[in-house]
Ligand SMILES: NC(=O)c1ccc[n+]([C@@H]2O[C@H](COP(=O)([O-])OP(=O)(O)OC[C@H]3O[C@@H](n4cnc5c(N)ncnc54)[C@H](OP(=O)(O)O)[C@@H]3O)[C@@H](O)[C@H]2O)c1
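In structure tokens, one chain follows: the form predicted on its own.
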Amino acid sequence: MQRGDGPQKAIDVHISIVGAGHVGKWLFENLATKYDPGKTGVRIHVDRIVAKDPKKQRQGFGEGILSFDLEDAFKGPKTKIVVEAISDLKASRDIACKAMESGKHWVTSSKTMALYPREIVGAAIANRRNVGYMASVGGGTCVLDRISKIPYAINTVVGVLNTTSHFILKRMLLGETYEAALREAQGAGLAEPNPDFDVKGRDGAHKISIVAQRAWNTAVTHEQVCTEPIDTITPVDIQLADALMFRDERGKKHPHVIMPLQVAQMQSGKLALGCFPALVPGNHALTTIGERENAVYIYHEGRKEPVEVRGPGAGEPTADAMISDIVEIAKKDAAGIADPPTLSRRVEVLEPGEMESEFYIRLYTQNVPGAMHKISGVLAKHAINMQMFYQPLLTKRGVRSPIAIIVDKEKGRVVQGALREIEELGYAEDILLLRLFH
């Protein structure tokens, strides 16, 4: 220590919180009972908590701190950061822009950046304000922060970022139907009464678009993500995937597992974005993710093995990520540093049909002579090579039977075109197309 050096003076930062739901309450309680300013050097003072519904009974926020007027979030003369945790993304965007125009920084747990990246970045740059949205993806994984610290070009980010879909498919692996697994997820508080936002892939699409923004510094949105649902998966698909073996570099065989993946990957200089169920070989680390966990694997030019980021995907850890953003922004503000995101790189995003991968095809056909010959003939006509074929053992001719086919890497539109032709022949029905991730 040099002469004259001493303990660093603590930074005081005043914040307002917009949103008094689960996340807002967790944040307030953690700041009051668990947060250690001695460790971070930042003392956080909550000036206001703004809630929407004055008729709803709210406890634990303290006398005089609760407001139902949104304007109070921006009025405090000492308030430096507006911290927002609401579900309405259009309102979140408006709050972010008004906060920054009012000279405040902005922290959020909402997925606003998936819809309005250019508006948010424009406001941050114009007003020289800092923004923090680490809590919007992966809760306790802090995946956005980890991506920011990788000093190499990133090739692929793949993971499980939707706890609801992951829980359901994990339970289906144990033999449950989709409907039973969904009811269990709803009973455990992991799925909404209307689960479409999760099971149709929209939540995952929001999250992977934000991940891609951070990984490639580009303003992509959720609308550019190839989004496919998990509610088309049946117990038969779980069984067929288990029967389709993947052979690793040592020649050892592994069954495939169907998982709800979010993928961002550079393919021939363009960005492929996807949120879809996919077959994953049983020896991949993805298959070890716990049913309530999120995990992401980041492949980059610096090393062969991916960087793993793993942790709880939802719940109270979301508040921890918000506190980390508050602390970082408070330190930047105290030092006079304006460090808004730029998203200045222009990266072309592939159309879903142009994305390449190996594919799993499940179809049902009558066990009659010539059916498989016709099906394989159509695939050959489209130059699609079958690398694996599986049909459960049958005892009767004419019985409706499932068939599983894995084909070599191809563009999605080519495979879909072949499947439409197969369906028109009348030999196949109930066709399902899934991707593989190796």
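One rule holds for the numbers: they count along the sequence shown, beginning at 1. Please read all numbers here as calculations on a predicted model, not as lab measurements.
Quick note: we don't show the form predicted together with the named molecule, though the next part is all about it.
Checking 428, 419, 20, 13 for any heavy atom within 4.5 Å of the named molecule in the predicted bound form turns up a single hit: 20. Shown without its partner, this chain lists 43, 400, 382, 52 as candidates; in the predicted bound form, only 52 has a non-hydrogen atom within 4.5 angstroms of the named molecule. The candidate site formed by 56, 109 and 315 is fully in contact with the named molecule in the predicted bound form, as each residue has a non-hydrogen atom within 4.5 angstroms of it.
Contact annotation: the named molecule lies within 4.5 Å of heavy atoms from the stretch 79-87 in the predicted bound form, the single such stretch among 119-127, 79-87, 281-289, 356-364. The closest non-hydrogen atom of residue 91 lies within 4.5 Å of the named molecule in the predicted bound form. For the chain shown alone, residue 26 is a contact residue for the named molecule in the predicted bound form, at least one non-hydrogen atom being within 4.5 angstroms. Although the partner is absent here, residue 296 sits far enough away that none of its heavy atoms falls within 4.5 Å of the named molecule in the predicted bound form. When the named molecule is considered in the predicted bound form, residue 135 lines it closely, a heavy atom lying within 4.5 Å. Applying a 4.5 Å heavy atom cutoff to the named molecule in the predicted bound form picks out no residue from 405-426.
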